[in-house]
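First comes one chain, alone, set out as structure tokens in the form predicted alone.
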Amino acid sequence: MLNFLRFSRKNLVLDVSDRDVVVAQHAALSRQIPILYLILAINTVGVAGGFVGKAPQAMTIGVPALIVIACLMRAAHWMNVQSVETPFDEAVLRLRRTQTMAAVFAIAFVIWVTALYPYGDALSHSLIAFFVGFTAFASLFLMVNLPSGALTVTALIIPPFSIFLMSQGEPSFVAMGIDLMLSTAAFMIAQMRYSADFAALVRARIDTQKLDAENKRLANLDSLTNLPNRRQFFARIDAAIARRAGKPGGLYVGVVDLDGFKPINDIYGHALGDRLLTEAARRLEVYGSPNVFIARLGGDEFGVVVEEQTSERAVMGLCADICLALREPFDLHDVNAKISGSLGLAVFRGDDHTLALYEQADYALHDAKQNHRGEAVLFTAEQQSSMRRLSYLEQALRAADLDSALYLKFQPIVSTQTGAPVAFETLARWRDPQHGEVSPDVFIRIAEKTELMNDITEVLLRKALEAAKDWPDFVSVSFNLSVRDITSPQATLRIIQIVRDSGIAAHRVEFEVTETALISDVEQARESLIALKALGVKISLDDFGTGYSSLNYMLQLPFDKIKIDRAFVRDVAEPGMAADIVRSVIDLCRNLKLDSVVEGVETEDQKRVLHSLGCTAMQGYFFAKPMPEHEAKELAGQAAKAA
């Protein structure tokens, strides 16, 4: 009993250590306290009714009226705050005030009923005992979420009144007093256990809410940079379009891509690449504001949403500043990296949806990377027309019978010793009934964005291998593989099967890949090239020297041949460094035991100089333009006769 009393005394003080529990207690009590006051008012009337005509009117009418009015006023007060979200400090103040008021009411009620007791008979005394006990138990039940208040009220009502009953000497009242004490003790124990469960439930609910909030935060944030992610980027555009209700202007969507990030990531590793992305994000974040939203879309691509700007010049100025900031060197401790950022920007024209705006910005970004690297480009009406044409062409390509619509042209790769072709590079062509001849730069770009590229590769590879069957054994066929061909294990397996089924010797087949195809997924590309090499084919690195890290790829990947880009050939016969660069590359290939081919030879002087530099194989308009299959067959036949 002593421990119980100590425990009870400890719980007579409001516990404010857990802010969430206190706020929850207040919310629960705001619904229950009005009922408690109503019960007290009813019990007061009930007790007073039993003593009308027996006790003075001041005690049967005056005092009960004051208690009832006070109860109704407190009930009304609590009903007014039920729907109001209450901060912690105010909740503490109200709970303490409630505990104090409950004590005052309890004391007043006990004093009043005790004062009435001498005026009643046995029935009236039983009525008092009933209402006092009922009031105490109602307080315990309805103030269960405020244990300090419930225990205070009970402690002030039951022990004094029970002692008073037992002091009367009447056996039934003694038994009633003992029963009240024991029953109240049991109720108090249950109440305290429930209160502890309530606090635990509140904490669990708060923890769940916090976890849910954290999950939502993580779902909308990029884990590396802590910028908003792709989902939030598109949600921001959705909301901005909804606010505009079809009114053009005032909303711009930009897409930023880091130029030169992938080579740095491949050379120095993902850890340094992540540091570079994080630092780039910090630079972009500087430009964020309530009207400028910055997000990371994935990889080295970021998004920008600008609202409430009517000046196109101001927005383009902001984008130019972003590009300028990304052009500054990145000090990554042991590495000083220098990259740039290209930006495509689209403006809301009143009827654009979110995806259309993004695609416009992405199209402008492509133009920026191709023609204005490191700068910002605004999506224009001309680009809109070009984009529509690409969309039409994509639909036409999807609907086309690829086997009849696609064909090949062949450009010879000749020996500088004999002038005879040693191989033919196959060049894809598409003739559409409606659009006529479509440039391979256009339709290959379309196809590489879709699953069509793999289908096109299979159709054209079969045609190329079929054509090569009619050539002499010393003439190889060179075929270009796209990024989709070498980053998909399934596509690589199909290519291997096509070569096996063709019946042509594998050593006569060369596959060309560009750095652009490699950088999207170097590891998968390496596995694909190793699998192809195991078949017995040869692998060439095309357009060598135009990328950032071709030398790195030479060392990592299983190449047999390097094709030196035409950019170095253009000025090779002129004074300058072009000839020295070509000589260095040829010497490098020789030291690495790799063959080399020079592309883009167009003049006699270029041929002469390249021959003097040690070139053994060349390709270009000087020797022949791309030709139909029958001409390639004829040229290969002439080479066989000459041999």
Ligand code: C2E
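These numbers come from a predicted model, not from an experiment. Each residue number is its position in the shown sequence, starting from 1.
Heads up, the form predicted together with the ligand isn't pictured, but that's what we're talking about next.
J.: Just to confirm, Pro64 within 4.5 Å of the ligand in the predicted bound form by heavy atoms?
T.: Output for Pro64 is no: heavy atoms all beyond 4.5 Å of the ligand.
J.: Determine whether any heavy atom of Pro440 comes within 4.5 Å of a heavy atom of the ligand in the predicted bound form, and answer yes or no.
T.: Within the cut-off, so yes.
J.: Does Asp259 reach the ligand in the predicted bound form, with heavy atoms at most 4.5 Å apart?
T.: Result no; Asp259 lies far from the ligand in the predicted bound form.
J.: Hey, in the predicted bound form, is Leu460 touching the ligand, heavy atoms inside 4.5 Å?
T.: Leu460: yes, in contact with the ligand in the predicted bound form.
J.: Just one of 333 to 341, 284 to 292, 480 to 488, 397 to 405 has heavy atoms within 4.5 Å of the ligand in the predicted bound form; which?
T.: In the other structure, the partner sits against 480 to 488.
J.: Among Glu515, Asp222, Glu512, Asp352, which has at least one heavy atom within 4.5 Å of the ligand in the predicted bound form?
T.: Exactly one listed residue reaches within 4.5 Å, namely Glu512.
J.: Report the residue, out of Arg566, Arg431, Arg327, His372, that has at least one non-hydrogen atom within 4.5 angstroms of the ligand in the predicted bound form.
T.: By the 4.5 Å criterion, the partner-contacting residue is Arg566.
J.: Within 4.5 Å of the ligand in the predicted bound form: all of Pro263, Gly269 and Leu529, by heavy atom?
T.: Heavy-atom distance to the ligand in the predicted bound form: none of the three under 4.5 Å.
J.: Is any part of 581 to 604 within 4.5 angstroms of the ligand in the predicted bound form by a non-hydrogen atom, and which residues would that be?
T.: Sequence-ordered list: Glu599, Gly600, Val601, Glu602.
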